[in-house]
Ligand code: AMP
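Quick heads-up: it's one chain on its own, the form predicted on its own, in structure tokens.
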């Protein structure tokens, strides 16, 4: 298996620290609002990476964090729950949006059933302990900061102008090209949630900086170094750069051996912005009647390291392709088509090609092209039914398209299909047309083939 490593800026053969095992950390959502479709693209990429590792027979230990304390969550909790105690307001806000995140993730086929999901607020002590171990720090009136000037290796992921005069940035995020000392621990205002931190004879009431959260949590569960750290390209700097610096300073080891990042999602050629009115969540997609898995297909049609331009037209095309896949999967309910004796033998060959494509830096577009060949074959020649369901399960394990778990049509629908076929055999065309219309009204299309009627959901 080969993957692009941001550390080396090239595609590398993946070699885990321990043979057959992979320790994978993904930066999860900051739960202060609905995640947008750009966020979902990143989480889908990370889900595919985990699936591909498993398809390559690795045992995967996956950890994802929930950022439930930072500048954004604190500010929004004040706005949504005025008058509440700070920690209670923060908890109400973040649990609300955490649950909404899980709902959206499930709808687009992301599987967290074998992942360990952890909250920052449950690991405050781990963050305190990590900060104590960092030598390159100093205390100011508004918190504890990492002194970049003492870290001669700062800039592992990006090459930046290091000249600064202990300029401190006390917000969690700052300009992409700016190098500055960053907060390890932030002093809290009176109306903000806070935890006590005793250090150097002082007691600082505050909360951890955003960057220290991921460093402490990833190492607690995966050790240092671990195998793969992922996120969107927007996290390369400053978030991942700062994680690397503080973790290396504390333990004198690399944080992770591979950093893998997905590119931005654009909307109509522009970055998403509420002022541009092109800021979309999954609810916007559902409101227009799209299957949420159509968005997953759309993301898989582009390479994770290329920018993806979202348009409603491109989503509509992805939905059409998804419907073709779903109609193919539904052939397992139509055994009259199980007539081509050698089709089943092609499945294993095709799946090997699919895994080979995915194993070459997650080439999902090529993998979908291999599936499309199977669908075209089924549409023109028929399939071996007893081989189809195992193939669908393998595809779901690799791509998460939900094909294996589709349900058969109801007995009532089957009865209408049977009656229509009998009417056709009796050359009662008016009755056959009437029954076709009745099926169409119930969302079922009929295609008359030499092998018998084939139904599909409209």
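Numbering follows the first chain given and starts at 1. Model, not experiment: these values are computed from the prediction.
There is another form of the same protein, the form predicted in complex with adenosine monophosphate; it is not shown, and what comes next is about it.
- Think of it this way: in the predicted bound form, adenosine monophosphate has a heavy atom of just one of 231, 143, 238, 109 within 4.5 Å, and the residue is 231.
- Among the residues 406, 36, 394, 419, the one placing a heavy atom within 4.5 Å of adenosine monophosphate in the predicted bound form is 36.
- The closest heavy atom approach of residue 148 to adenosine monophosphate in the predicted bound form falls outside 4.5 Å.
- Taking non-hydrogen atoms only, residue 95 never approaches adenosine monophosphate to within 4.5 angstroms in the predicted bound form.
- Adenosine monophosphate is not shown here, and in the predicted bound form it never comes within 4.5 Å of any heavy atom of residue 361.
- Not displayed here, adenosine monophosphate is kept clear of residue 220 by more than 4.5 Å at the level of heavy atoms in the predicted bound form.
- Contact with adenosine monophosphate in the predicted bound form, judged as any non-hydrogen atom within 4.5 angstroms, is confined among 56 to 64, 397 to 405, 419 to 427, 36 to 44 to 36 to 44.
- Contacts to adenosine monophosphate in the predicted bound form (heavy atom within 4.5 Å) from stretch 257 to 279: 263, 264, 265, 272.
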